[in-house]
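Read the single chain below, which is given as structure tokens and is the form predicted alone.
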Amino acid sequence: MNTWVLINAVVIALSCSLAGAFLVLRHRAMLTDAISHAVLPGLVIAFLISGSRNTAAMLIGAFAFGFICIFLVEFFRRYVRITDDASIGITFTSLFAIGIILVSRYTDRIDLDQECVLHGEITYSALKRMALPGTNWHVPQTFVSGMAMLFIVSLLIAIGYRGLKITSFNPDYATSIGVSVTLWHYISGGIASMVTIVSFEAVGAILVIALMVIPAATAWLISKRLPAMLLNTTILSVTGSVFGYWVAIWLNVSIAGSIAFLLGIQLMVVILVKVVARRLPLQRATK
């Protein structure tokens, strides 16, 4: 068992679940999937300009197209009057197609393909290490970037809690009191974009989407207030990651797949409990 792999999974789970909670509340859960595909042309262009797979260049290219994706989704929704799901589908397929064309066009110059770009492997997240400043302690780079990302996400949510809350639950009321719904859409989308881009190379696009959507959706079913939802989201994401990792080691299967499966099991258990809880009073009333 590699302890660093488990720690990386937990740290990324915390960041993804917190960012995903507001996407679920805004009915934009699949924006994560859109971003993870839409950044492909940014990665290719960054490689062509820099001539290497330098992490900083790749992140800049990915962030640029992540925000282009968010902007286009909001543009189609607000000005073209296309529904959220359609605008997300149009945007990410178009940008992803551009990335595929660039990869195929420059395939002789680029040691890069869409499978490598979009699907990381959490098992390898502990291999590339760096020394902490002023110490001889070497830790995985993904842990450092993950902790920085978790701090930024937590700080942004703490600072913008009121704006995120009011625009998520009651956008019409927010507009009536002068709160910019569009601005907070961009902020919540920006948080999701940052988390997605920093995380998916390390743990894989599928696991990032699962961590951002499933715990938040599960917590939404059992929470009545936003603070409780955020707390339940983090608990569910961490427990799903820990038990999913142990199951993967026990069965010798994919860690990302196992974690995503355990998150799904948590959701199904909550749904079954709620269904049973609703039926029991009805059965008692008919007796």
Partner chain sequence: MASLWTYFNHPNFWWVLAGTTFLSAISALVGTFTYLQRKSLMGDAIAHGILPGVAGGFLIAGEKNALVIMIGAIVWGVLTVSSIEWISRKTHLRSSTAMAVVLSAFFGLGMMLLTVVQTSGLPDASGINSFLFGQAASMLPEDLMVYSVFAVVVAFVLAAVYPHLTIISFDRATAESNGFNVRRVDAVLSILVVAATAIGIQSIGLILMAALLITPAAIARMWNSRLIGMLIFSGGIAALAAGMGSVISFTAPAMPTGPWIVLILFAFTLISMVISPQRGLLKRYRQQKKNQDIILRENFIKRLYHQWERSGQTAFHLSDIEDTPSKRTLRYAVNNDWIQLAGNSIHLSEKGMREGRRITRAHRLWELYLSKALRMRDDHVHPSAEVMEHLIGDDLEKELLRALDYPLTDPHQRDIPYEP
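Residue numbers count along the first chain shown, from 1. In this text, the rigid core denotes the largest set of C-alpha atoms whose superposition between the two forms falls within 1.5 Å. Keep in mind it's a predicted model, so treat the numbers as computed, not measured.
There is also a form predicted in complex with the partner chain; it is not shown, and the following applies to it.
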Option from 189-197, 124-132, 89-97, 137-145 whose residues, in the predicted bound form, bring a heavy atom within 4.5 Å of the partner chain: 89-97
Heavy atoms within 4.5 Å of the partner chain in the predicted bound form: does I45 have any? no
Would F67 sit within 4.5 Å of the partner chain in the predicted bound form, counting heavy atoms only? no
Considering non-hydrogen atoms and a 4.5 Å limit, does the partner chain approach T182 in the predicted bound form? no
I152: touches the partner chain in the predicted bound form, heavy atom cutoff 4.5 angstroms: no
Near the partner chain in the predicted bound form, with a heavy atom at 4.5 Å or closer, the residues from 66-81 are L72, F75, F76, Y79, V80, R81
For T182, is the C-alpha shift between this form and the one not shown 2 Å or more after core superposition? no
When you overlay the rigid core, is the Cα of I100 off by 2 Å or more between this form and the one not shown? yes
Tell me whether L40 is among the residues that move between this form and the one not shown (Cα shift of 2 angstroms or more, core superposed). yes
Residue pair A256, F96 - Cα distance in the predicted bound form, closer or farther (3 Å or more): closer
Having a change of 3 Å or more in the C-alpha distance between Y79 and I157, I'd like to know whether it is closer or farther in the predicted bound form than in the form here. farther
